[in-house]
Structure formats: structure tokens, C-alpha cells
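One chain comes next, on its own, written out as C-alpha cells in the form predicted alone.
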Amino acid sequence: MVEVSGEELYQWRNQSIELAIAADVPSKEVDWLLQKVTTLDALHLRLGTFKKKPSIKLSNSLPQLTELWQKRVEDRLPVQYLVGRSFWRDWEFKVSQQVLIPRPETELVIDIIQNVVRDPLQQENISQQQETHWVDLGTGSGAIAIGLATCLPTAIVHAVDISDQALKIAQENAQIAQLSAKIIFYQGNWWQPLQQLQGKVAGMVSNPPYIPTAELPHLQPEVFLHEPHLALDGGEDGLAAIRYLIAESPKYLVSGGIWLIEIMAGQAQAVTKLLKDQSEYEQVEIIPDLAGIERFILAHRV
């Protein structure tokens, strides 16, 4: 720990906000960074009342903070990677450049599942046994798996990722959420490590890579330069992983089982057609996010 005066920190904050504005970076991220390295809360930072404090403890020196902030504004490194943490639903999860930063819109996946399993007809279809199996394919940071384990108290959640580094982070996040006992982690490609669950899965959720390869360089630099392309690149048309999930999932889902994925804006009609052409799905539904963008596709195993 190091100590600086409130006046020194106040000046550092103002200078960093100026840098953020000049670089078109959200200036509020300065305060988020400061909240991670001091005990100051958002209100005190916003009002500037800390300026009069004779001493403030920091986990990093001001030169170290300056170096971190320069990475944000010059290298476009997301602030979540700077501090190694990201907020998602009720948790603050660990993140690194080995996993996607959990997006606010992805939080709706859990709300959709909660609404579906409350449906009496759906309960009859998938809850014949008290203990049910749910799957998160491409778990990354583990956020979706943890959300499922929270909203489905009798479920066993199976979380799969091809990256062993991502799985280590997901397992740490499950410990943070105190849900390690409810989630089983597997390293492998999609359904491949779950052969034992064929015909037994009540629901599958995935946020697969869905960005067409040619569009990757046009993403925000924060995304293109720093987030894992393995979790972004959906092949030539963005649908490579989605086609696989549509083709393979019926082997694993029980009758009436849930199939739910996140998609890119503009993909809803193509994914809906693929599901209907498969003929093993019914009740195909396009669900928008809070901005009204067609963001999720929900279907049920016939």
C-alpha cells in the first residue's frame, strides 16, 4: 500500500478524465479504476470531497496508476482487464484476456431461463426428475453457468470450454459465487466431453462466437485487439458454431428441452430457418434485448 494526499489524487483524477475525454474513452471509468485501488466510493469521487483528506491509501502508486490508465487510453485495453474484474448480475467476477468480458445484455439469458422454467407446461416436460442437467457450452468466465446454478436450485450445471485458461477463471468465479459444488467443468469442444449426457439434458445455453471473420477488424479496438478471437470468430458468415449446436443438440436434449443461444444483430432470421429446417425443434422464438435488438433465439426439442 502507498499513501498520497487527497489533493494529489484529485489532480490525478482530473488529468486522467481529460485524457479519457480526448481519447473518446468513457470518463466514468477513471472512477471505477480508483474504486478498485482505494477505499473511496463513487459518491465521494464524483463530489471530490476526498480532496481535503491529508492521506489516502492506494494499492498502486500514482505513477503505476498513470501507466495503467495510459494502457486504457492509448492501447484501448478495457478497464475490466486493467483491474481483472467485471460486474455481471449480482457478482464481481474475475476476468483476463483469456475470456470475454461478460456483457450486460447476456444477463438476460438467465431471465429468459427463469421465465421459461416457471411455465407449468415446461415444468411438466423437463422436471420429471428432481435433479436435472443443464449445460453451458463455451462457458468462458463461467458467468452463464453460475447464473444457471443460481436460478435452478435442483440442477447440475455442466460447463464446457475448449480453453483450459478460461476454465481456470470460470472455476475461480464459481468459488467466488460459492457454487463450485453445483457446477462441473470440462475442457473440450462443445458437446464432445458430454457424451454421457445424451438424452438427459433439460436445457442448453450458449453464447457462441458469432462474428463473421471479415467483420472482426471492424469491431471496437477494445474488442478486436484484446478479447479472445476464439470466442468471437464465427467463421465466414458467423454461423459456423451455431450450425453445429443446432445439428448436435437434439442428441442430448430431452423432449421439451430448452435450446437457447445469444446471436448477433441481423442473424435471427437465418438461425430461425436453420432450426426449422432441422425439424427436431419447435416453439422457435426470437427474443430482443433491452435495446430492442434481436439478440436471443429460444427453441425446444420436439
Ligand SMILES: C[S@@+](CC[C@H](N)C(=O)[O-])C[C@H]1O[C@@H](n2cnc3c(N)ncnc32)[C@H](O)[C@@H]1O
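Not measured: the values here are computed from a predicted model. Residue numbers here begin at 1 and follow the sequence given.
What comes next is about the form predicted together with the ligand, which does not appear here.
K.L.:
Could you check which residue among Ser86, Ser163, Thr150, Gln171 gets a heavy atom within 4.5 Å of the ligand in the predicted bound form?
P.N.:
The residue from Ser86, Ser163, Thr150, Gln171 that makes the contact is Ser163.
K.L.:
Which one, Leu108, Val73, Val116, Leu100, lies within 4.5 Å of the ligand in the predicted bound form by heavy atoms?
P.N.:
The option sitting close enough to the partner is Leu100.
K.L.:
Taking 4.5 angstroms as the cut-off for heavy atoms, does Pro208 touch the ligand in the predicted bound form?
P.N.:
Pro208 belongs to the contact set for the ligand.
K.L.:
Hey, in the predicted bound form, is Ala202 touching the ligand, heavy atoms inside 4.5 Å?
P.N.:
Contact with the ligand, no.
K.L.:
Is Asn189 a contact residue for the ligand in the predicted bound form, using a 4.5 Å heavy atom cut-off?
P.N.:
Looking in the predicted bound form, residue contacts with the ligand include Asn189, since a heavy atom lies within 4.5 Å.
K.L.:
Does Ile144 reach the ligand in the predicted bound form, with heavy atoms at most 4.5 Å apart?
P.N.:
Yes.
K.L.:
Could you tell me which of 74-82, 194-202, 173-181, 224-232 sits within 4.5 Å of the ligand in the predicted bound form, going by non-hydrogen atoms?
P.N.:
This holds for exactly one stretch, 224-232.
K.L.:
Heavy atom within 4.5 Å of the ligand in the predicted bound form: which residues of 1-30 meet that condition, in order?
P.N.:
The stretch 1-30, when checked against the ligand in the predicted bound form, contributes no residue at the 4.5 Å heavy-atom cut-off.
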